[in-house]
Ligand code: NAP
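The chain below stands alone and is given as structure tokens, in the form predicted alone.
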């Protein structure tokens, strides 16, 4: 984007999936708006996450935008679960098709935002000290966009190449003949390990906790199949809208305990070999919500793992013992467990031999020194709140957002927060952006925020702030729903847990997402509209 103008009606922060659609909606309304993006180019998650094996775990045709029939008819998804290069190509295609690039200023990382009550606007300061002002700010920074390194003594001592997976080098990384260590076996770690095992000279996997992981079952999408998908896009998006998680997968209407063992195994075999989250989302509902059925399903998956890993001791280390299937984020994998049948791969169980420190030459465990050439930290993110708390945001009376959210965030519908007027959050904490199929959630969020903004603008108003009582009521709704979920007692990012985030109590449950599902969430949003935004002070 050219020019030096720094005053706008609306500033959007972030040019990823949410930010691109948000600026599209604003431009269509004729709003004087700009997107500030910290990265060198647009794409958000799909710009930064360039590690080997990075791809969708949502079916591609449920991930793309639904707002343009012309776009749906033009774009051909090449794989059922599209890879990062193709996803970034798609984001750029959308931006270029709708002429959005001229409204996006890249290389501009917002570091500070200050609310000016007398002027009723926001001042945003970037990394260079330049100041932008806008009446309204809409944040679109994503749920998992602030990487977190582990708290390991000596992490800066290593003389080889080391980085968080989020910062994978742009240039091809040499792996042939080299000793590579991957720390972490969550969704990202599993993708990386599966992809590089046959390329590294030696691969050492440092596992703190095993994860239940099931096959992705990816496949190409032919031209003929893509034509069929285009014909039923309306049906696809309707199914996503009706489902709890925003996917096409529909829950089996039966109960696990009401069918025979043979019928259960028949369904589980079918779902294990089906694409995506089928085993989680198209299963009997009581396998998720009831302890007995969940244990039986977990035992079934454990047996599938044992059949895929040759060494029984290694297999047992790869099977979670402290939680059931679905109680944490389920990674999807492609021949991940077979990796451990390779002679060049070693699993380091950190429960048995924890890491003591990083040395100049590699990683020291309680048992041995392991020399390495490359260390990859696949150690996760500061979920939902990290991107917002990373910016020093000052609201009314100088209140700092991260201080307000000490312990757990507090929002209204995941979109607004009291004490921070004219600040809208698409994909904010306590929305469904972190708990359902992301693009389906962000289109809902962008549409609701845009409609509220248009309502305010049409009324000639200049200040919007949610009432404190309404925010408190939404937080109680979020808590009530989450506390009914069986995963609420399990430490994972679902409950706001990452042991590497320094400022948090690692044992405190946090309420960072709304787990009531897409349909229930949209009903709350529609109620707010139908009630004339009575919970929001508009002046």
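Numbering follows the first chain given and starts at 1. Given the structure is predicted, the values throughout are model-derived calculations rather than measurements.
Beyond the structure shown, there is the form predicted in complex with the ligand, which is absent from this document and is the topic of what follows.
S.K.: Give a yes or no on whether each residue among 44, 47 and 139 has a heavy atom within 4.5 Å of the ligand in the predicted bound form.
M.R.: Looking in the predicted bound form, the three residues 44, 47 and 139 all stay beyond 4.5 Å of the ligand (heavy atoms).
S.K.: Looking at 28-36, 492-500, 478-486, 505-513, which stretch has residues with any non-hydrogen atom within 4.5 Å of the ligand in the predicted bound form?
M.R.: Result for this chain: 492-500.
S.K.: At the 4.5 Å heavy atom threshold, is residue 51 in contact with the ligand in the predicted bound form?
M.R.: Although the ligand is absent here, residue 51 would touch it in the predicted bound form, with heavy atoms inside 4.5 Å.
S.K.: Verify the contact flag for residue 436: yes if a non-hydrogen atom of it lies within 4.5 Å of a non-hydrogen atom of the ligand in the predicted bound form, no if not.
M.R.: The answer is no: residue 436 has no heavy atom within 4.5 Å of the ligand.
S.K.: Within 4.5 Å, heavy atoms only: does residue 144 come near the ligand in the predicted bound form?
M.R.: Answer yes; at least one heavy atom of residue 144 falls within 4.5 Å of the ligand in the predicted bound form.
S.K.: How about residue 381: is it within 4.5 Å of the ligand in the predicted bound form, going by heavy atoms?
M.R.: Taking the distances in the predicted bound form, the answer for residue 381 is yes, it comes within 4.5 Å of the ligand.
S.K.: Only one of 350, 236, 394, 173 gets a heavy atom within 4.5 Å of the ligand in the predicted bound form. Which one?
M.R.: Residue within 4.5 Å of the partner: 350.
S.K.: Using a 4.5 Å heavy atom cut-off, which residue among 152, 388, 278, 205 comes into contact with the ligand in the predicted bound form?
M.R.: That would be 152.
S.K.: Mind listing which residues of 302-340 have a heavy atom within 4.5 Å of the ligand in the predicted bound form?
M.R.: Those in contact are 328, 329.
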